[in-house]
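The chain below stands alone, shown as structure tokens; this is the form predicted on its own.
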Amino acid sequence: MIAPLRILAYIGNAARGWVGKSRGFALGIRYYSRLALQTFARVPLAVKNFDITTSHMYTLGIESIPLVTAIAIFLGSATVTQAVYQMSGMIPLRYLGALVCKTTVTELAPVITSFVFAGRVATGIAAEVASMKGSEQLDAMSVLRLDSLRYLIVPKLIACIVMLPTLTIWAILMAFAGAAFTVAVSVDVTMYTYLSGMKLFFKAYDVYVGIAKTAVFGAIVAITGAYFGFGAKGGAEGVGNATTKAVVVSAVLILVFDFIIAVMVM
């Protein structure tokens, strides 16, 4: 009799734990959605503080160019290397340019650039907001009747939405440059054949979709960083946890919305 009771107790505790986690997950989605709606509702107010927005465009976007450039160049080189390996003996190399162009424009450059951007920006937003919360600066803003979302999050949101597509365009160009260099150095294909292959199945629509969806990813990065920043607890340890969760959840949401957008538009 004791063993069955222990099994039932274990099942009951596990079920209670899952119910609690499910409830917490649902509440988290509710708070995240409300935060996103409240932030977007304040976007028109950004015109009154446009200098703050432009400052964040520089710090979040322009200062990310060196990192994005390095990653995009090696991304293009790795794409060519892997494409040659996968196509060897099955697909003529005259289609190499088409494969590199399609994969880079539609998926690799937008998603990898968004990951890099999230690792740098989402953590920064979460750390800044969490630190201000721990030092009671957010409470001070409330006492002074200053809207923390308007002055802290909205400029970052706009900067992310504008600068991430811009960085993606740059990343695509740098990936193409890295791919062309790799073809010229290590692939037994003429540059004319490679460039002709790039034009075979090229569609401007793919470029538009690949760049436009990064605006959604930029909003995800900003809102996720703000969400975990406002929810941080426990001082310095809470700041560390907030930054870790911000980048992890941002990466997951980027992949989720990338799939949703692909299903909707492709």
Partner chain sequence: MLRVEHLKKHFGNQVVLDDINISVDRGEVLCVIGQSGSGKTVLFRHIIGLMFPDGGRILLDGQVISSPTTKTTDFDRVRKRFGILFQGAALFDSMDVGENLAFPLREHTDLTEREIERLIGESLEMVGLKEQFKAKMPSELSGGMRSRVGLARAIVMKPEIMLYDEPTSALDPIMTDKINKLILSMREKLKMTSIVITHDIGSAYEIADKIAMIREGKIIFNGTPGEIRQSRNPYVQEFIRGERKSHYALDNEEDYASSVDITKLKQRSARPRQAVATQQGKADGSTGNIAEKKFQMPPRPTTRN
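Numbering follows the first chain given and starts at 1. Predicted model, so just to flag it, every value in this text is computed and none were measured.
Keep in mind the form predicted together with the partner chain is missing from the figure; the text below concerns it.
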| query | finding |
| --- | --- |
| Residue stretch of 133 to 141, 69 to 77, 111 to 119, 183 to 191 approaching the partner chain in the model of the complex, non-hydrogen atom distance within 4.5 Å | 133 to 141 |
| Listed residue (K233, K203, K48, R30) with a non-hydrogen atom within 4.5 angstroms of the partner chain in the model of the complex | K48 |
| Sole residue of M87, L195, L146, L173 within 4.5 Å of the partner chain in the model of the complex, by heavy atom | L146 |
| The partner chain contact in the model of the complex: K102, any heavy atom under 4.5 Å | no |
| Non-hydrogen atom contact Y95 with the partner chain in the model of the complex at 4.5 angstroms | no |
